[in-house]
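As C-alpha cells, one chain now follows by itself in the form predicted on its own.
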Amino acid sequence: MLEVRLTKRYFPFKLDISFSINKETYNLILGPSGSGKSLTLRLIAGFERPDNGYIKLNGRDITGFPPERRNIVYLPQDLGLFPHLSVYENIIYTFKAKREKVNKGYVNTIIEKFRIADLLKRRPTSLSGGEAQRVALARALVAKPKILLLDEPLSYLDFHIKFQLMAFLQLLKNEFSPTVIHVTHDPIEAFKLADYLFILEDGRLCFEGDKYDLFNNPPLGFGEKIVKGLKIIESLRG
C-alpha cells in the first residue's frame, strides 16, 4: 500500500496532493503540462523532498529515505539507459550494482516477453525509440520494484510505435502485476491502460476513480479537450 500526503512549492506553483493505492494496479495520473505530474513521481521516488507531509509504503514512512532504499523504480522520460553498456549489461545492471548473482531465469523470461533477444549486444544509442523503451521497461522489471513509476513513457513516439508500446505496457500489467503509476497528458493512454485514474490540475487532484466514472461524470472544470478525447475513444470501443 502506498500513501501519499504531501506539499511542495516552487513559487508561484504549489503541489498539494493526497492519495492512496492499496493494491497492485495500473494507475494513471492524467493532466496538462505544468500540473505537477512529474514532480509527484520525483517526490515518491525520493529525488525531491516535500515541504510537508509524508510518503508511506506498506505502513512504513519512507519520506526521508534515499531513492536506493525505497524499492521504487523511476523511469524518466529520457529512460536513463547507460550508453557505454550493451543492452544486456543495462538489463542486469541492478544485480551488478547490488553485487548479487544474476537471476538468469527471470531475466530471460523478461527478455522473451519484451522481444528484445536480438538487441542484447547492441548499445542504447543504436536503438529506435520503441526498442529503447522496451529495454528500459525490461531493466525496470528486473529490479522487482514494489512500485514502478513511469514518467510520460510514450512521449516523443510516433502514433504507430506508441500503440505497439501500449501492448507491452498491457503485458507488464497483466503478466508481471507490479503497482504502476504512469503519468501522461494523453487521454488515449489513460483510457487504454488505467485500472484507476487520477486527474491532476494546477497541483491538485480534481478526480480519482474508475476511468468509466470519469467518462460518465467528468468533474466540474475538467478540460474539454480531454473529455472530447474520451468520447472519441468510447465511440471506437463500440
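It should be emphasised that the depicted structure is a prediction, and the values quoted were computed from it without experimental measurement. Residue numbers here begin at 1 and follow the sequence given.
Another form exists, predicted together with ligand ADP; not displayed. Remarks below refer to it.
Contact annotation for L39: at least one heavy atom lies within 4.5 Å of ligand ADP in the model of the complex. Contact check for F13: a heavy atom falls within 4.5 Å of ligand ADP in the model of the complex.
Residue contact with ligand ADP in the model of the complex: S33 places a heavy atom within 4.5 Å of it. The closest non-hydrogen atom of E208 lies beyond 4.5 Å of ligand ADP in the model of the complex.
Residue in contact with ligand ADP in the model of the complex (any heavy atom within 4.5 Å), chosen from E48, D195, E201, D186: E48. Screening 61 to 69, 25 to 33, 186 to 194, 170 to 178 for residues having heavy atoms within 4.5 Å of ligand ADP in the model of the complex returns a single hit, 25 to 33.
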